[in-house]
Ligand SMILES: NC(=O)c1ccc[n+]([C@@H]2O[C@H](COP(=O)([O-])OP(=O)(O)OC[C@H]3O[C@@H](n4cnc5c(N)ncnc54)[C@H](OP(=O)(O)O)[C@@H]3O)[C@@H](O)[C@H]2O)c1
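Presented as structure tokens, the chain that follows is alone, the form predicted on its own.
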């Protein structure tokens, strides 16, 4: 990753994931781990893991639960390989002291491992783990902003899934570094005042979290929240920036044309799962558009489409001569009601193009992130003079 790109996106998208009882406990105080989720929710978590670039747990969770932190589905691992990604996400842990068990399952399953620690903990962690993991000291104390910056700039992590424990979740939320919270609420009550809780005491950012989704998954209820700034509506998230940047990168793959723009598009479900991607003129079709190519790869009956977002480097077209329906209409027909784009379509080929108007008129939300306009224009310089 170039330094320039790392600076435009300083931190990964940070997703906090946890399962809790009805009274907010992560576990009870018994010797065995309390299983809060069932098979359906374990599969959901596996899918979210497969969408991540890295998975993070605190050292306390490693000691208490001995997790493997894997993508268990062979099909999902194969899909990651097909996308040119590692079979398993990078596994990350955080420890102030460097006190880690080298025999834990975490170190002997999956792909690459990374330890963030303090200057004083680095020597101990390196001695215990040897070549099993890379050890990165962050200074005299753990610094979450430095940690996230290193993950983004040095390891290329765009999406980080944090699976505990409560101290890690608390610190990230209190410091305003969480982009999303997945909370699976199990139908049981622990009732033990000594049981570990999801969030600890302290000051948190003001304002209510925004509910993105609520649905049953087996016998638990999944609730997805995103922070909002006080007094504002929904804000573009780090995920929006990540996926729009991906769309701009896809535009670079387009065969050049003198009569059409080079555009990239990605369709992403509400839970962050990529559903499809495409770019202009792919597959040897000289007139296929990016959004059209991506949507053609989705299942029209997929229940995730109404909650999905189409990320397109250029505003979806409102009129075209090469196909019966423009991309804005294709998006609405697919049931998608949210579009994020970098660049409004100029009048180069269509006078008074207004894909945004078509989308908004059809009930869709359109978000424009002009900070990516230069990236979207880059493969089209020859058309723009």
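Numbering follows the first chain given and starts at 1. Only a predicted model underlies this, so the values are computations on that prediction, with no experimental measurement involved.
Although not depicted, the form predicted in complex with the named molecule is the subject of the following passage.
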Q. Is there a non-hydrogen atom of residue 339 within 4.5 angstroms of a non-hydrogen atom of the named molecule in the model of the complex?
A. no
Q.
Against the named molecule in the model of the complex, would residue 65 count as a contact residue? Criterion: heavy atoms within 4.5 Å.
A. yes
Q) Heavy atoms within 4.5 Å of the named molecule in the model of the complex: does residue 26 have any? A) yes
Q) So, in the model of the complex, is residue 225 in contact with the named molecule at a 4.5 angstroms heavy atom limit? A) no
(Q) Is it true that 237, 312 and 343, all three, sit within 4.5 Å of the named molecule in the model of the complex, judged by heavy atoms? (A) no
Q: Answer with one of 218, 158, 137, 166: the residue that has a non-hydrogen atom within 4.5 Å of the named molecule in the model of the complex.
A: 166
(Q) Please identify the residue among 89, 196, 272, 278 with any heavy atom within 4.5 Å of the named molecule in the model of the complex. (A) 196
Q | Answer range among 280-288, 300-308, 166-174, 105-113 for contact with the named molecule, defined in the model of the complex as heavy atoms within 4.5 Å | A | 166-174
